[in-house]
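Quick setup: one chain, the form predicted alone, written in C-alpha cells, and binding and motion questions come after.
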C-alpha cells in the first residue's frame, strides 16, 4: 500500500462540506428568487418557505466561512516568487509540457480561489443580512441588492471552476475532502514545498 500523508483534518473536511452544501443550496434558491422559477420554488415548499430556508442557510454559510479562516487563510496569504511564476504559466493548464514552480500546501490557484471566496462570501453574507434584517432602509437595501447580485455572479463562476479543477482536471485531489489523505508521492510531486516543511517538522 502506498504511503499516505494527511492534508486535511476531520474538521476541515466537515466544514468544507457544510460550506459547499450551504453554498449550493443558497445558489439554487437564489436562482429561484432571481428568475422566479416555480419549479425551484416548489422544491423548497413554496416562496415563503424558500425565503426562510435561504435566510437561515445564510447563517450556516456565514459561520462556516468564518471557521474556514482558521483552516486556510494563513496558507492562502503566503505568497512568494513561485506564486508569481505559477500565475505566469497559468498553473501549467495551458501547456502540454508545463514547468510549474514548486508549491506549498496550497497552490497559487487554490490561494486565489479561497481569497475570492472569502471576500465575495463576506460581501454576499453582509448584503444578505441587510436585505433580511433592515427592510425599511431603502438606500441600504438597493446597495445591498447590487452587492448581493454581483457577488452571486462571481461565486457562480468561481465555484464550478473550483469543482472542475478539484475533480476532473486534477485526479486524486477530490479524495482530500473525503479521506483527508493523499499518497506521499502524489503530494511530493504537486506540493513539494509543503512536503519539505513536513519533513523538517519531524
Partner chain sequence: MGRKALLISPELCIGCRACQVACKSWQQLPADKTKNTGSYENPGDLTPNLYNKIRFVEVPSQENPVRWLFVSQRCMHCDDAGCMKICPAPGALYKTKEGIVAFNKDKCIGCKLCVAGCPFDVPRYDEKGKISKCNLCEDRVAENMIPACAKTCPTGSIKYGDWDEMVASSKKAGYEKLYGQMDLGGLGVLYAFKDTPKLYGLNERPQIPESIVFWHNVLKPLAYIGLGGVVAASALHYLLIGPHKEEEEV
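Rigid core (definition): largest C-alpha set, two forms, superposition within 1.5 Å. The shown structure was predicted, so the numbers you read here are calculated from the model rather than taken from an experiment. Positions refer to the first chain, counted from 1.
Not on display, but discussed next: the form predicted in complex with the partner chain.
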| item | value |
| --- | --- |
| Contact of residue 32 with the partner chain in the model of the complex (heavy atom, 4.5 Å) | yes |
| Distance check, residue 190 to the partner chain in the model of the complex, heavy atom within 4.5 Å | yes |
| Heavy atom of residue 179 within 4.5 Å of the partner chain in the model of the complex | no |
| Partner contact for residue 70 in the model of the complex: the partner chain, 4.5 angstroms, heavy atom | no |
| Joint contact, 84, 123 and 126 to the partner chain in the model of the complex, by non-hydrogen atom at 4.5 Å | no |
| Contact set, 65-102 vs the partner chain in the model of the complex - heavy atom within 4.5 angstroms | 93, 94, 95, 96, 97, 98, 100 |
| CA of residue 99, rigid core aligned, shift of 2 Å or more between the shown form and the other one | yes |
